[in-house]
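A lone chain, given as structure tokens: the form predicted alone.
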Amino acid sequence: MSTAQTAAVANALGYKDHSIGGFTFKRDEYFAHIFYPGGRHIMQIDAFLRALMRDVAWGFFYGTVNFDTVFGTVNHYGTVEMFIGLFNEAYRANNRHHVETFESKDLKKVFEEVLADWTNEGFDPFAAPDETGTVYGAKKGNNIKAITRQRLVADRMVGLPGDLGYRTDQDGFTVNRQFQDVPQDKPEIHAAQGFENEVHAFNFFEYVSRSDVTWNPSVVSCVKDSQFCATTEEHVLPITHGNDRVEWFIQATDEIIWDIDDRATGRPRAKVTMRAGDVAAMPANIRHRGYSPKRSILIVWENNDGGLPQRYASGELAPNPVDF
């Protein structure tokens, strides 16, 4: 469909019902209810909003964003499929799956409206559970500031004069409570005479340790289609990501445990424990969800080439980058 019909109707708790196509989203004190032709799906409201926040902030991300084992979205980079049971064996086997395609901008608008309406004051869906308030109960205010936060963008290399992207205590970006063990040393710079203003370095670990969000990759370097993305992880990745290309993970600090499942069926394939210094490739035919007992720093290496999904889907490229 090229256009989306949307509607919003308030309920007794003060929340609005939001509709697009054949889908209607309703919430009560504890749950999000997703109605679709042929049925209803239910999710705990905090889990739903944490997943929805990432789907919006990431622009539907690469490939599939599974909110849980039933509901999610598939990015086709201009259009988005929203589905029930598309990657669930039981739903598919019994022909109970449902899929609709929307223009990306139309679905993003509705998702943004749901976030703004259903996020109560004091609750930040980008924060770790121990860092935010409750989302339960009747409608109480909003937290527009949290759900519309923008990434800090460096105007030039981080920390150089004139850069507005450097985080400091004075700016309110303090070292996270779980990163007190991350070294905060400043690099020593020994520049040749006359080059003092042209040579610079900064402590990447110190910089990232001040992040106020979790599970939100931010591009830190980009060379053509090669993107390095740093992110801080705590508690559980709110979505299960279904790859449409290979991702490389570099564990910079602490530990993350990953559940690796088949992308199409959800069948378990592996459990991977990554500790500081470990590197892993996530193949193009899997889905993954991470658990970080202590806040950790993860670097994700992405290839932004728009032709990759079709090349992997057609079998031109093997789903794994290396055969041993």
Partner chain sequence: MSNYRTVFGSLESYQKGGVEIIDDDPKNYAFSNCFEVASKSKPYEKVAVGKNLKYVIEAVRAEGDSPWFAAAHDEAALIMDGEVEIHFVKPDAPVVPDGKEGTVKLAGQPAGRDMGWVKAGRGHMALLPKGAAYQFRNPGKPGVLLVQTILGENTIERWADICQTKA
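Positions refer to the first chain, counted from 1. As the structure is a computational prediction, the values presented were derived from the model and not from experiment. C-alpha atoms forming the largest set that superposes within 1.5 Å between two forms make up the rigid core.
Missing here is the form predicted in complex with its partner chain; even so, the following discussion is about that form.
*Asks:* Is every one of Ala201, Val272 and Trp301 in contact with its partner chain in the predicted bound form, taking contact as a heavy atom within 4.5 Å?
*Replies:* All three within 4.5 Å in the predicted bound form.
*Asks:* Does its partner chain get within 4.5 angstroms of any non-hydrogen atom of Tyr77 in the predicted bound form?
*Replies:* Output for Tyr77 is no: heavy atoms all beyond 4.5 Å of its partner chain.
*Asks:* Can Asp185 be called a contact residue for its partner chain in the predicted bound form at 4.5 Å between heavy atoms?
*Replies:* It does: once its partner chain is placed as it appears in the predicted bound form, Asp185 has a heavy atom within 4.5 Å of it.
*Asks:* Should Met157 be classed as touching its partner chain in the predicted bound form when contacts are defined as heavy atoms within 4.5 Å?
*Replies:* Yes, contact at 4.5 Å.
*Asks:* Is Asp124 a contact residue for its partner chain in the predicted bound form, using a 4.5 Å heavy atom cut-off?
*Replies:* The answer is no: Asp124 has no heavy atom within 4.5 Å of its partner chain.
*Asks:* Could you tell me which of 202-210, 138-146, 82-90, 95-103 sits within 4.5 Å of its partner chain in the predicted bound form, going by non-hydrogen atoms?
*Replies:* Of the options, only 202-210 has residues within 4.5 Å of the partner.
*Asks:* Though its partner chain is not shown, can you say which of Thr240, Thr253, Asn120, Thr214 has a heavy atom within 4.5 Å of it in the predicted bound form?
*Replies:* It is Thr253.
*Asks:* Which residue among Gln227, Thr132, Thr231, Thr174 has a heavy atom within 4.5 angstroms of its partner chain in the predicted bound form?
*Replies:* Residue within 4.5 Å of the partner: Gln227.
*Asks:* Select from 54-68 the residues with a non-hydrogen atom within 4.5 Å of its partner chain in the predicted bound form and write them out in sequence order.
*Replies:* The stretch does not touch the partner at all.
*Asks:* Using the rigid core as the reference frame, would you say His235 shifts its C-alpha by 2 Å or more between the shown form and the other one?
*Replies:* Where the cores coincide, His235 shows only a C-alpha shift between the shown form and the other one that is less than 2 Å.
*Asks:* Taking the rigid core as the reference frame, is the Cα of His200 displaced by 2 Å or more between the shown form and the other one?
*Replies:* After core superposition, the displacement of the His200 C-alpha between the shown form and the other one reaches the 2 Å mark, so yes.
*Asks:* Once you line up the core, how about Met157: does its CA shift reach 2 Å between the shown form and the other one?
*Replies:* Yes; Met157 is a residue whose C-alpha shifts (by 2 Å or more) between the shown form and the other one when the cores are overlaid.
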